[in-house]
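In structure tokens, the next block holds one chain alone, the form predicted on its own.
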């Protein structure tokens, strides 16, 4: 199963070590952090897929309460070790975003699911996650998450778009295209053009993960039953995308911010 193989990858010692040394917020996260800064002291926060605690060091000391969860027990152990000496009230728990039954309804004002964590489960489980986040989130609260962009994958699968004036760039692009096709032999550009989402083996951790890619327009539709005021941000620039940019933007992943209904 998708989730079983992905979860196993996130327990590997080398992978845990990699995430435990990360520190910086990504550009879109920095934008959203600054936007929320004045509200953080009044917010109870749930940090899903906390990994090695990259986002903990930025948010935990500024929110009213902080809980970080991950479905990798090894990641939780790394977080507890990393923040053992902190003076802030921080809680780390093993937890699976598909079943947040350890938390009551309306528990959190801010829910963060960074580093595309929602992309490493099946389609049905992805919808379960959104339902669970809606349940444990307080009405009027904020959900922030990132997800891989199918439009970017289409671009990578299009041979004609891999050529550049720079021969090194062209070579790199063609090698990546070859690897993508090798690891995803049932998928071609025509499939992608006709899909609203696709699950593929991409370069993440040397093609060890099966990753969910979705069109921004389809992601908005998934969110609509539970969330409102949906905004989309470029991962690279941190800028909010306009309605005209949403269907053409090629960042490999995008950040979504929305309000819990």
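Small disclaimer: the values here were computed from a predicted structure and weren't measured. Positions refer to the first chain, counted from 1.
Heads up, the form predicted together with a small molecule isn't pictured, but that's what we're talking about next.
Comment: the small molecule is not present in this chain, but in the model of the complex one of 144, 75, 133, 150 has a heavy atom within 4.5 Å of it, namely 75. Listed residues 92, 157, 108, 113 were compared with the small molecule in the model of the complex; 113 is the one with a heavy atom within 4.5 Å. Listed stretches are 113-121, 173-181, 133-141, 157-165; the contact stretch with the small molecule in the model of the complex is 113-121, by a heavy atom cutoff of 4.5 Å. A residue is said to contact a partner when one of its heavy atoms sits within 4.5 Å of a partner heavy atom; residue 239 fails this definition for the small molecule in the model of the complex, lying far away. Shown alone here, residue 12 lies farther than 4.5 Å from the small molecule in the model of the complex, counting heavy atoms only. Residue contact with the small molecule in the model of the complex: residue 216 places no heavy atom within 4.5 Å of it. Taking the partner from elsewhere, residue 250 is found to have every heavy atom lying beyond 4.5 Å of the small molecule in the model of the complex.
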